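Take a look at this single chain, the form predicted alone, given in structure tokens.
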């Protein structure tokens, strides 16, 4: 049977997924765009306002404040976990597993990944207890360690709220790239690293070789975590609700506030559409870069 006919046979298996995509994502997204062109409080008649909501979003200082917070979140959800996960993965794979034991590597890998499987609500409540200004463990440790001057209302002060949430997000995210990178290293031909070792390559030089070999996985991690950072909502909802003031507000929570607390559904839809468009554009850029890299490397 010709290859082209065989490939066409797979198209039928895509139909269920395509239908679900249209029902769950495609149609609601089109409805969201339609609502964003209206003034509506969620009930009653919609009033057509054209692009007024989008003009308001682009000149809204609160939206841009939330967007700046989102950029900071990208640092704590993408940059630090990806670099930290890569360093830890190489350390576990290349040193702990070889010099100490595979069992210890498995235990450490599971420990780093544990925050990923914890429900966000439970993890948020636990961190709320730890950072509580009155009975939290962190302030208690600082008090008893003679560092009382460093105690804070960590999530209640503007100066410390965003950095505290960012630290929590690093804790949440670190295990995800670690597991992906360790899996990627399993497919690296050990003879390449052994040859580098024989040629006198030090640990940092072998680390650079591993980075090149697992570049496709690094691209996937950066793409998926960037999308996650731009959509972040649950952690903000549980920990700070965007406060104090707008110190930890992010666009997704700002859209939620307009939808359900201020009954400005059209405006909230415009914010959601802007962020969705941004995520789609970033995704296309990442995929294009990845295709280009794969084409150049002949993968």
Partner chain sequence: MNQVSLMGTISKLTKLVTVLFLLLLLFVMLFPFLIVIINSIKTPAEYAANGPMALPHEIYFGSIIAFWQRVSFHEKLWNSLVISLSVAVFAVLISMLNAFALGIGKVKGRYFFLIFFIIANTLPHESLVYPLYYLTKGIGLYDTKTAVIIIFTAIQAAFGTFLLTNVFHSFPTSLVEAALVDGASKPKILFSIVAPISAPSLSVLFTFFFIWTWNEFFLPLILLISNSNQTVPIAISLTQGQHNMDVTTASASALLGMLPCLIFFIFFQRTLSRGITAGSIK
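Values in this document were obtained by computation on a predicted structure and should not be read as measured data. Note that the rigid core is defined as the largest set of C-alphas that superpose within 1.5 Å between two forms. Positions refer to the first chain, counted from 1.
Below, we refer to the form predicted together with the partner chain, which is not included among the displayed structures.
- Residues with any non-hydrogen atom within 4.5 angstroms of the partner chain in the model of the complex fall in just one of 73 to 81, 192 to 200, 157 to 165, 92 to 100: 92 to 100.
- Contact check for residue 39: every heavy atom lies farther than 4.5 Å from the partner chain in the model of the complex.
- Shown alone here, residue 25 lies within 4.5 Å of the partner chain in the model of the complex, counting heavy atoms only.
- Within this chain, residue 147 is remote from the site of the partner chain in the model of the complex, having no heavy atom within 4.5 Å.
- For residue 56, no non-hydrogen atom is located within 4.5 Å of the partner chain in the model of the complex, even though that partner is not displayed.
- The three marked residues, 117, 135 and 290, each reach the partner chain in the model of the complex, with a heavy atom inside 4.5 Å.
- Within 4.5 angstroms of the partner chain in the model of the complex, the stretch 166 to 183 places a non-hydrogen atom from each of 171, 174, 176, 179, 180, 183, taken in sequence order.
- Relative to the superposed rigid core, residue 283 undergoes a CA displacement of at least 2 Å between this form and the one not shown.
- Residue 26 is among the residues whose C-alpha shifts by 2 Å or more between this form and the one not shown once the rigid core is aligned.
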